[in-house]
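Below you will find one chain, with nothing else, as structure tokens; this is the form predicted on its own, and questions on how it binds or moves follow later.
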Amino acid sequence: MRIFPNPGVGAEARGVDLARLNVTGFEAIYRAWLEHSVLLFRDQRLTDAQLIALSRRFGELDLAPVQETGRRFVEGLPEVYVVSNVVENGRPIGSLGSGEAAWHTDMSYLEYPPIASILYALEVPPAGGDTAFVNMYSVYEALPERLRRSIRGLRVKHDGTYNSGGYAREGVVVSDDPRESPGTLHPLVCTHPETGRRVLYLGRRRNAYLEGFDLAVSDALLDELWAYVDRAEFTWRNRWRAGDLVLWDNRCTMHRRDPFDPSSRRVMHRTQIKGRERPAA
């Protein structure tokens, strides 16, 4: 395996067949993942069963969340979440549509957020639908010392009202008052449990709220922090190709998706490694 780091975050791992990965190869991938936070593997050929088997090497898997369409997973394989805009026989086969998905960390509204996500591309549109990642270690390190001091010890509410496509989650009573909306409080600055590095843990902007602050003050401080997220020097964008598999660490990255032509087909299968602990300062 050869590793080719990206300037902002992540790396491409070449010379790897993930369907035939031995123990030594997996250990090398795990080390590279912790070092680079995001890994891209191109030209993979995996069945859903092989995708699940690979994912389980990282830990116990979450079941796919219920989609806004009422469907959520590959039939008979509840660990595989379908991300797609495709409609067959009048019904969407997956979730999240073709629109833009703003910067977010997967399911950070949970008490035990997922450790990692794996997204495998089966069909991709000819243009659009790119996924960008941001290095939240670097974002934290770029904050002025004044700002770092001002956020020390704070907790931020990670909202659970909407999914990444902007749809209300099943069974949720919608409220756009972040003090009342469903969600979980996590430390704003966390320590990665495996690398020991400090990271800014924002989750997503919509309905976020800093505990104990007036709404206007909370919004102003969050806006100041979010201004550091979209800097090119901290990011990397993947222009998807069929056969791409991307593994990312939800504890120290965020990601977003560009919109694409809804008449194009985009089909991705995703697995998610279950969280083992609460984010800790």
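Don't overthink the numbering: it's just position in the shown sequence, from 1. The model shown is predicted, which means the values in this text are computed figures rather than measured ones.
In what follows, reference is made to the form predicted in complex with N-oxalylglycine, a form of this protein that is not presented.
Using a 4.5 Å cut-off to N-oxalylglycine in the model of the complex, not one of Y109, K157 and T161 places a heavy atom inside that distance.
Put simply, R265 is far from N-oxalylglycine in the model of the complex: not one heavy atom of it is within 4.5 Å. Though the partner is left out of this view, H104 does reach within 4.5 Å of N-oxalylglycine in the model of the complex, counting heavy atoms only. N-oxalylglycine in the model of the complex comes within 4.5 Å of a heavy atom belonging to T131. Contact annotation for H255: at least one heavy atom lies within 4.5 Å of N-oxalylglycine in the model of the complex. In plain terms, the part of the chain that comes close to N-oxalylglycine in the model of the complex, with a heavy atom within 4.5 Å, is 96 to 104 out of 96 to 104, 174 to 182, 135 to 143, 188 to 196.
Exactly one listed residue, out of L122, L119, I115, A208, brings a non-hydrogen atom to within 4.5 Å of N-oxalylglycine in the model of the complex: L119.
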